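The chain that follows stands alone, in the form predicted alone, written as structure tokens.
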Amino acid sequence: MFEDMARNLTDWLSGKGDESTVVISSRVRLARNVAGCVFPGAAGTDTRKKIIEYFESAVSRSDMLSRGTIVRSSDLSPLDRDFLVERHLMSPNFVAGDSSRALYIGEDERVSIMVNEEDHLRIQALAPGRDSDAPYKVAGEFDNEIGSYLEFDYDSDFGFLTACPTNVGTGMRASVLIHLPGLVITKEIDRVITKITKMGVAVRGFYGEGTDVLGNLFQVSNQNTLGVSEEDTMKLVMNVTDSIIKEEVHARELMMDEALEQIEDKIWRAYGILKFARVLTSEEVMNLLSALRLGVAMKIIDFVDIALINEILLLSQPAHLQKYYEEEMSSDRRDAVRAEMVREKLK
């Protein structure tokens, strides 16, 4: 299953959608818990297994849910788990847990549901580009469908109850994965992050909370879930996103006006290394692809498209590379095979 997935670009990296040269993807995640059951962090193994059984029962009775696939964490190898994290179908935190967890993957990967992560259910929907409608709609549809079979833990005063108090209320995190090389190069990124943080959003790394920024890719999401509506949350995140896009576009225009030769050199050097290197680490590829993506956005390079850059980005990740070639590899072997894969894709 995962080898087949590795050979197909997931929809959220398709390069389609609005503002795709800046915004990679949009995401909505809903935290839900089953009424009357202890939250996963304090629950025993029997309770966590019961939650999986409740969810599997709902899936088996629903035409909509039955079109997806459930995998138990106990059936996943370490490589499988890394692969699913790289694909953004589950969180790094999910990997660190015990075996009484499960993952639901929708038929087109538009949605995934983590069972027994921090909460009983984490419903996540992804869409390419800047999209305020599709992920919100899809997550809501799955939330309603599951809610017709399971009773969620809900309080009339506080809203949905969650393991972490910062998620109580709507239980919703709306986020965008956004590419900001202009702001990084012009050293304006700290100013922009300070500005948007005051607007009620958080800025995280490539894989979300507790992860590093790679390839100038940042994840921006709402902080507040209590006392605000889902609609207001979506509006906030999209307004902040539009503000960041304007800042990034301005930074790119500034570079074009004041340092065109240096920027062109950076972009063409990146392309040259990707095109001819014999050894490449995943971190190197992320940074070089950032420059290449900037070159496409600034129309300095017109023979590579965003979808291909996204495909290389995904396949260059360690687990994806091994699944793609159906071979477990040492770190040195991966670096050589990665470079070969990149050269082949850029032919």
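Residue numbers run from 1 along the displayed sequence. These figures come from a predicted structure and were not determined experimentally.
Unshown form predicted together with another copy of the chain; subsequent notes refer to it.
Although the partner is absent from this view, F94 stays clear of another copy of the chain in the model of the complex, with no non-hydrogen atom inside 4.5 angstroms.
By the criterion of a heavy atom within 4.5 Å, A277 is counted among the residues contacting another copy of the chain in the model of the complex. Looking at E56, you'd find every heavy atom of it more than 4.5 angstroms from another copy of the chain in the model of the complex. Proximity of A336 to another copy of the chain in the model of the complex falls within the 4.5 Å heavy atom cutoff. Exactly one of the stretches 31 to 39, 277 to 285, 306 to 314, 61 to 69 approaches another copy of the chain in the model of the complex with heavy atoms within 4.5 Å, and it is 277 to 285. Of the candidates D153, E264, D80, E188, E264 is the one whose heavy atoms come within 4.5 Å of another copy of the chain in the model of the complex; the others do not.
Checked against another copy of the chain in the model of the complex, the candidates G227, G200, G272, P165 yield a single residue with a heavy atom inside 4.5 Å, and that residue is G272.
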